[in-house]
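Here's a solo chain for you in structure tokens, the form predicted alone.
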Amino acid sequence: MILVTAASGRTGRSLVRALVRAGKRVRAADIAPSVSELRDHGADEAVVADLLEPGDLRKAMQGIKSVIHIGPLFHHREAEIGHAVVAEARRAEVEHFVQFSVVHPQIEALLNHQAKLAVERAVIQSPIPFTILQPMHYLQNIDVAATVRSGVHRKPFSHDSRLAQVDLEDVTTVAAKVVGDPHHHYATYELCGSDYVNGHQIAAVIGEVAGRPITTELQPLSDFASSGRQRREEDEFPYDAMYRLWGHYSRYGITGNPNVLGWLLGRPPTTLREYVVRELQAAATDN
């Protein structure tokens, strides 16, 4: 049985589907009650668990051979959660620990990268055989159908900055492939696609595939700020983390190398154009 944490999120749901396609047994765990929906996607078990509660974590880990740990997105206690999961996996004598990290976690100015690096250290220093996956910026952050409907590609950092991309489906296919396989023990894999493009180039590809012009627009940071209530202390972390991340992207961009992902997949990584075509075909089917 494989335990997937933060299973209700976008990455977790894609991962559960990939594991099920690979014929592997899955226990999905998340603090959100919606985790129960993953049984409809083939998960053998779904448990509501607060991973900072020792009792919940111990129950989630019972009978588990491998763990795929996904940290909660922009969570102020992500590093603490990761340390707790590693410690419990060690106590439970888990045979393989797969950590979802991020490309270039050593960029210390970025709070989400700091948290991922702290968990990487805990994983590496534990006696559990591990594999660390470091995915690039997901193509899924581009809502192709919404962009075509509005005619505008919007994002909260400079459209002049170039970012590499990776298809989440490629990433979770790799995760399903490596988990439980000793051939991938003690490896750290950077997972990056072959596109290195700015926002204007993304808009051009979407426009060419859709057959209509797409413009670009900078999305104001105020769109991501809460309104109507006083922010709590724990709210400050995700806002600060997002603003730092977008500022870094605007100034430096981010990129990586696609070779490792291609080797693991046994084929070239999914391209931006292929992703756009796939998303528009899916949107047409849904309509």
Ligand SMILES: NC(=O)c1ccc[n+]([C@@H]2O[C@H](COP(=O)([O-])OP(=O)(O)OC[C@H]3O[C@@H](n4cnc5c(N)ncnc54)[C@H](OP(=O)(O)O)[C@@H]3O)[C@@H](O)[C@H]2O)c1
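Just count from 1 along the sequence shown to find any residue number. The shown structure was predicted, so the numbers you read here are calculated from the model rather than taken from an experiment.
Missing here is the form predicted in complex with the ligand; even so, the following discussion is about that form.
**Q** May I ask you to state whether I70 is within 4.5 Å of the ligand in the predicted complex, using heavy atom distances?
**A** I70: yes, in contact with the ligand in the predicted complex.
**Q** Heavy atoms within 4.5 Å of the ligand in the predicted complex: does H96 have any?
**A** Answer no; every heavy atom of H96 is more than 4.5 Å from the ligand in the predicted complex.
**Q** Would A46 count as a contact of the ligand in the predicted complex, using a 4.5 angstroms cut-off between non-hydrogen atoms?
**A** It does not: once the ligand is placed as it appears in the predicted complex, A46 has no heavy atom within 4.5 Å of it.
**Q** Closest heavy atom of T11 to the ligand in the predicted complex, within 4.5 Å or not?
**A** T11 belongs to the contact set for the ligand.
**Q** Looking at C192, I206, I81, V174 here, can you tell me which has any non-hydrogen atom within 4.5 angstroms of the ligand in the predicted complex?
**A** That would be I81.
**Q** In the predicted complex, which of the listed residues (L38, V26, M61, L51) lies with a heavy atom within 4.5 Å of the ligand?
**A** After the contact test, the surviving option is L51.
**Q** Tell me the stretch among 70 to 78, 146 to 154, 120 to 128, 182 to 190 that has any heavy atom within 4.5 angstroms of the ligand in the predicted complex.
**A** The contacting stretch is 70 to 78.
**Q** Taking the ligand in the predicted complex, which residues of 130 to 151 have any heavy atom within 4.5 Å of it?
**A** Contacts from 130 to 151: P135, M136, H137, Y138, N141.
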